[in-house]
Each structure stands twice: as structure tokens, then as C-alpha cells.
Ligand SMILES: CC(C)(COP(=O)(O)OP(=O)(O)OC[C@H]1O[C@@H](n2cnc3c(N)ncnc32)[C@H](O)[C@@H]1OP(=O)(O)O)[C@@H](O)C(=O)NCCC(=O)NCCS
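Only one chain is included here, represented as C-alpha cells and corresponding to the form predicted alone.
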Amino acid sequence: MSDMLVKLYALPDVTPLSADLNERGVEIRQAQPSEKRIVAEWVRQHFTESAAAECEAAIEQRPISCFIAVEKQAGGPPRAKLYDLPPEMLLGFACYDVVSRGMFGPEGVRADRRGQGIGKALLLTCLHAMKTERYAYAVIGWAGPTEFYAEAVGATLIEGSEPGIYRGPLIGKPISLNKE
């Protein structure tokens, strides 16, 4: 897959999309350090080990460069204390500045919640955070689906960017080619 380039100085506003999601009980927010293991395990379960490791790295950075989509869970036991807050269900994640500075990704949304604007909101939130940190452009590494990124933020393909910065998987011992 090719990389894509995004002009951060020409991003659409995320506010209307965030407001719509908030009305439906979905919030896009920065992950908290105490949530690192929960987020990583969820990403590992729904996506890949490498995406989970990248989420961990993004949550360890300062500022934290991992955003999550959560839905507050209704009901539950009555609040005994002021700080007994309702639990939040993790729906998706997006990170930046993990593989390399100026790169967006990885990103993912739970399969049954795709097509509801959550992925676009995560993307825009991350890219606006990068813009706030004075980046002019962002690279979406190994972008797929490219149509989504082109429509959402005007991303364009970077010719000759395969495989780009990415390398094959690191292994700890030689792979045996002997099939005896």
C-alpha cells in the first residue's frame, strides 16, 4: 500500500462531527496513561499486535498521541460517590507520531461501529492535534482504504512510497527453510 499526504493547513472542521457523535453518546478523547494496557489489549484483540504496540508507544509519549472513541454505558449501579463515573466502552483508536514523526496511524474502529463517522472523527482529531503541534503536513502510512482518506481530508497518494519506512517483521531466531 502507498502512503498518502495531507495538508494540515486545509483540514475540515471536526466540531460538527464531534457534536453529532456526542449526541449519540460517543466521545473522542485522548487516551490516559492508566488506560494503556486496556487500549493495547483491545487493539490486539480486534486488530494486530503491531498496532497494539504502537498504541502503547503513543500513550507513553508526551503529549499523548493516541486518541480513542468511547461510548458511556447507560444504567449500572447507582453512584455511591461523586467520582463513581459510568464505564466507557472502547469503540476505536487513532495514533500519530509513532512509526515516525509526522505520520498518522495506526487507526481502527470496531467492525460493528464502522460507517458511523467514528473513524473520520478520530482521523480529524489526530490531524488537528498535529496541526496544533505546528506540523504543516501529515503522512498517512500504508493508507487503506485510500478513498476514505481522500474524501475525509483531501489526502493524495505519494508516488513510489511502497514499502516506505516500513520493514518486514522482526524475528528473534532464524526461520528454518528445511522442511524435513
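It should be emphasised that the depicted structure is a prediction, and the values quoted were computed from it without experimental measurement. Each residue number is its position in the shown sequence, starting from 1.
FYI, the form predicted in complex with this ligand isn't displayed, but the following is about it.
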Query raised in the report: Thinking of Q116, K120 and W142 as the candidate spot, does this ligand come within 4.5 Å of a heavy atom on all of them in the predicted bound form?
Result: yes
Query raised in the report: Counting only heavy atoms and a 4.5 Å cutoff, which of 33-41, 144-152, 66-74, 125-133 contacts this ligand in the predicted bound form?
Result: 144-152
**Report entry** Residue contact check: D97 to this ligand in the predicted bound form, 4.5 Å heavy atom
**Finding:** no
**Report entry** 4.5 Å heavy atom contact, V109 and this ligand in the predicted bound form
**Finding:** yes
Report summary line: Near this ligand in the predicted bound form, with a heavy atom at 4.5 Å or closer, the residues from 27-48 are F47
